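Only one chain is given next, in structure tokens, and it is the form predicted alone.
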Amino acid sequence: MAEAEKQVAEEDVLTPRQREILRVLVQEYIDTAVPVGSATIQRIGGLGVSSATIRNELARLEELGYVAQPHTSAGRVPTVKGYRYFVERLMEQVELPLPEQRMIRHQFHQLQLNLDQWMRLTAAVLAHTARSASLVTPPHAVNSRFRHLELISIHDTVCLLILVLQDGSIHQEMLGLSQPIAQEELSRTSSKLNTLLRNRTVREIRESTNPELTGLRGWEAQVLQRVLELMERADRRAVSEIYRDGLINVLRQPEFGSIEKFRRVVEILEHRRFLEPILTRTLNASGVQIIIGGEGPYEEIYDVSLVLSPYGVRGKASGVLGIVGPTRMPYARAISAVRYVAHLMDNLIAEVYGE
């Protein structure tokens, strides 16, 4: 059976009443972290049926694998299958309230063009808005482009080289000089290279036939060579750096009270073997991606879900941002927060690239 036909067939299994009962159950469990019984669903669901009828429907949903009963006398909780059905078919799509959107925009527009500040603010905003843990990877340029160079005298024969690439990343290191050079001369060389290299990739610089560029000699050629090496290193960078915030928000959730579950969420956020393949796949996807722990290839991250989105200018510079929390996370708010911040970052990166 084709995937689309299978999906339709699965949806047809549930009656409208069963779908509404599942929607109420999942939403109530997300809000309270307490197994949901038939009396609660009857009280808040407004279904117009008896508690006994709801119990029968819950038993059917359990048979179909959408809910489970932790203890014989307890109410039901959603399964991974139940969460997936809720997210894709039952959840109401919401937007962040306008006051929150304005506050977030204001925070970003207060910053100067500084990649590290952008990443830290993005992580902090996501963590605060979704009340969960967040992660952000810096935008990575497929082919980095030169933006700006500064040479600052530290000592007669030592200068600080500061290279800014078009994606906003800053690379700096100390550069030894073969002879004493005054700051005035360093500044003239910076200005000269800024004119010759502006907006060029490593390949474009190396293949240039401009006699001013090919004719560089001595310490100016040394500076050019170091700039090219730094740009090449940036081009080789994968998902190498991850900014995180809000772990404490996750650890306050009741499902992470046990040491084992606490350790699992920390491992997911800190260990590259969990995150790197997920982030790499997300980088090549479109729109918000919802990963529910325990589902398919994500058995190792049971009890944890991720709401992720790529951002940036595809083909030029892009990264991943998102939320990490319990499978019982408020998905509608998490998705709206991730979608809005990703859109904001799209615009910021596009401004950097003049798109």
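Remember, predicted model here, so these are calculated numbers, not experimental data. When you see a residue number, it is the position in the sequence shown, counting from 1.
Keep in mind that the form predicted in complex with the DNA is missing from the display, and what follows is about it.
Think of it this way: in the model of the complex, the DNA has a heavy atom of just one of 327, 27, 40, 318 within 4.5 Å, and the residue is 40. This chain appears without its partner; in the model of the complex, the one residue of 73, 183, 195, 214 with a heavy atom within 4.5 Å of the DNA is 73. Of the stretches 45-53, 301-309, 318-326, 286-294, only 45-53 has residues with a heavy atom within 4.5 Å of the DNA in the model of the complex. For the three residues 35, 58 and 69, a heavy atom within 4.5 Å of the DNA turns up in the model of the complex in every case. Not displayed here, the DNA is approached by residue 17 to within 4.5 Å at the level of heavy atoms in the model of the complex. In this stretch, 191-217, not one residue has a heavy atom within 4.5 Å of the DNA in the model of the complex; the partner itself is omitted from this view.
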